[in-house]
Ligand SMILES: Cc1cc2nc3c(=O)[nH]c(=O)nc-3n(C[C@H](O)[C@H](O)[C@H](O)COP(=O)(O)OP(=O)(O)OC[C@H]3O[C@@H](n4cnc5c(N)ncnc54)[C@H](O)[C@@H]3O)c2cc1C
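One chain comes next, on its own, written as structure tokens: the form predicted alone.
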Amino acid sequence: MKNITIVGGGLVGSLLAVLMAKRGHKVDVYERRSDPRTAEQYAGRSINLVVSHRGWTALRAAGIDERIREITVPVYARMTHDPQGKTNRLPYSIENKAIYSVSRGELNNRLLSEAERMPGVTLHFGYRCDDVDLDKASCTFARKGEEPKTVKADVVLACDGAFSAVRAKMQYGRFNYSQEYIEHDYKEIAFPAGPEGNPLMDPQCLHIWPRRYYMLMGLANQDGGFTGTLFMPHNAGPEAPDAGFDKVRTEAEADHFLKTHFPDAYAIIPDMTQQYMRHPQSTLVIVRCSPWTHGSTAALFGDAAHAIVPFYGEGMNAGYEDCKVLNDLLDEHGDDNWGAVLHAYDKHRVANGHAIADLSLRNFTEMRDLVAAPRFILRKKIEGHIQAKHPDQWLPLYTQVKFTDIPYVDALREGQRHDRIMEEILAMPGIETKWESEEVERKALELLKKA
């Protein structure tokens, strides 16, 4: 048995606590916030999450997947909304597979309760990590009204988010690090349920209002409402001079902007303008770093290792896969050989962390710019047709990321290969009318052999 300190009791830290406790370790989780299960939560700064295959695999390993499934809503397709309010449904999978929408707060609360039920797990709330001795696996925590305390452990597992205190200490050594804010910020816009608690949109779709330089999206909650998120440039550019948080500042400006660009959403959200004015504007940051480990005594997980933008819905799933990989490596190397385990963990995960960051940025372009474009829709039809005829040779990138365990780095490489193939397919004369033809099928198979 090892004494393990987990810094951060969010989505990843709470799952990791369950997995480590199941292995018989003594686990202390230190979370900066007060207990979210009892504290009044601040609304307006949330993006709904989706649990996909990788997330379910990790939750199943922890034995809590069915408990989590109870609070999710299955989502089978994207539903795009054009500026006139017309919609188009684009299934995620030709096999009718779903991703699962879940409230961040509800998920975190349930995971904390599951962790607390485990023998050997102690949760400590309101403790800020002020210092870390990486060699000694000791952390100093501060709590309001108390003297700082130093906690000695055998291993420190850092799940303390994009601005990780443990990672900051790693940066004093031989450490590669980059931090990038993308041009877009976001605000939460909540969609209400109908009068009888019924959803006012299809709850089994991710709803997207793509407007090229900005977009609105919404994911269903179990109460019939949707958590919506407006993404828009921090500063408006010449391409869309009215679309920037710096330009849409007053209530009148917000009302005009929302009513003009999202008329069908505006019609079903009575206080859309008021929410825009009331809710905070939040930034989106990408963190890339390496290594993710320090000898046999410390490791980074989730956003502490690979903060990414939310446009693939994979940030949490990638963090959960981190936990599952660690658990598998402990099976392989043994719970007393943390040096070998963390070495293998770092070797396995860093490249995949960088790859999912790239994939998430790629998907932002797809959702914001391409998803409503006729050429993009045609490409999806062709890909689905080829996959249905030759599932052993063509697996779309989205399917690889969301519905398989294929490493992100391999999925990214295969997606880039598909891009090259589809450029040639879409350039074929008359492709719009013959996309289901044997000629197109033969061409795709030939290109698969060459690309």
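What you see is a predicted model; the values in this text were computed from it and never measured. Numbering starts at 1 and runs along the sequence shown.
The same protein also has a form predicted together with this ligand, omitted here; what follows describes it.
Against this ligand in the predicted complex, the set 139, 151 and 338 makes no contact: no member has a heavy atom within 4.5 Å. The stretch from 297 to 305, 72 to 80, 196 to 204, 350 to 358 that comes within 4.5 Å of this ligand in the predicted complex, counting heavy atoms only, is 297 to 305. Taking non-hydrogen atoms only, residue 218 never approaches this ligand to within 4.5 angstroms in the predicted complex. This ligand in the predicted complex is approached by residue 33, whose closest heavy atom lies within 4.5 angstroms of it. Contact annotation: residue 128 falls within 4.5 Å of this ligand in the predicted complex, judged by heavy atom distances.
Under a 4.5 angstroms non-hydrogen atom cutoff, this ligand in the predicted complex lacks residue 27 among its neighbouring residues. Interface residue among 161, 233, 225, 210 relative to this ligand in the predicted complex, by the heavy atom within 4.5 Å criterion: 161. Checked against this ligand in the predicted complex, the candidates 258, 325, 284, 123 yield a single residue with a heavy atom inside 4.5 Å, and that residue is 284. Contacts between 1 to 21 and this ligand, taken as any heavy atom within 4.5 Å in the predicted complex, involve 7, 8, 9, 10, 11, 12, 13.
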